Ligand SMILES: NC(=O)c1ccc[n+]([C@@H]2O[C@H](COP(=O)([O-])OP(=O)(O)OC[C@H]3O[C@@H](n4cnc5c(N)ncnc54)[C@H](OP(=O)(O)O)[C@@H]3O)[C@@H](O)[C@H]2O)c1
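Just the one chain here, the form predicted alone, laid out as structure tokens.
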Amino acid sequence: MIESVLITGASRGLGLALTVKFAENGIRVFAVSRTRRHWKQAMSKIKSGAAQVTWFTCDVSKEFQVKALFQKILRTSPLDLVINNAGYGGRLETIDKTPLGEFERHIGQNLCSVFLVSKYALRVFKKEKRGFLINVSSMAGTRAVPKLAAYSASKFAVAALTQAAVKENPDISFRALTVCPGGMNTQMRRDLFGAEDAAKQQTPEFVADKIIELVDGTFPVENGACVVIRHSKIWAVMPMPGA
């Protein structure tokens, strides 16, 4: 039974939708964002579950900050579920025009962040001999998108981390899934493709509902699977390859 969840990238988009839904279901939420910039607007969207949410600032691409975050949380509560949702969309550009610094930013914010939060989550889960980890990738992490090569590459790697986590921990009650949403009506989508395109996409609230179904077992899938949520439905479930 899930009683507490840590969510990164919690102040906007899918992270905020998850924060609202878990909190209003009575689950304690540790909501993490890089800055406080969107907190006021985010908190205005949380109604009956506001008391369930504790906010933290953390740059999850920095190990010393992630380590301190887990220390703070664990002083007050155990952790049942960790959702790596924070990410960076960047801009549209071909590989030959992508600066190395921009590529490295994708790796840092979309991959190293997942690695670091997973690393410290797994230390908790191993000690407790149980836990649930969800790493949010993207449809772009299942097939490459032109002019989003850096983003796609970083998101492809998220599934590998998830699968390795499952294979390394067969002796505890541990589950991990990669969730790959298709286009969502979020600020990241608007920044990349414009408001008209974003308005045609699935809502982050719908994707959050599907993730909750994966967590509570309403939609059961094999451990280590990659779940694609596209066109407002669970589009595909790709089982984890064997050893």
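Note that residue numbering begins at 1 and tracks the sequence as displayed. All values derive from a computational prediction rather than experimental measurement.
In what follows, reference is made to the form predicted in complex with the ligand, a form of this protein that is not presented.
Picking from 29-37, 170-178, 213-221, 44-52 the stretch near the ligand in the predicted bound form, with a 4.5 Å limit on heavy atoms, gives 29-37. Looking at residue 12, you'd find a heavy atom of it within 4.5 angstroms of the ligand in the predicted bound form. For residue 208, no non-hydrogen atom is located within 4.5 Å of the ligand in the predicted bound form, even though that partner is not displayed.
Within 4.5 Å of some heavy atom of the ligand in the predicted bound form lies at least one heavy atom of residue 136. Using a 4.5 Å cutoff between non-hydrogen atoms, residue 152 does not count as a contact of the ligand in the predicted bound form. For the stretch 172-190, the set of residues having any non-hydrogen atom within 4.5 angstroms of the ligand in the predicted bound form comprises 181, 182, 183, 184, 186, 187, 188, 189, in sequence order.
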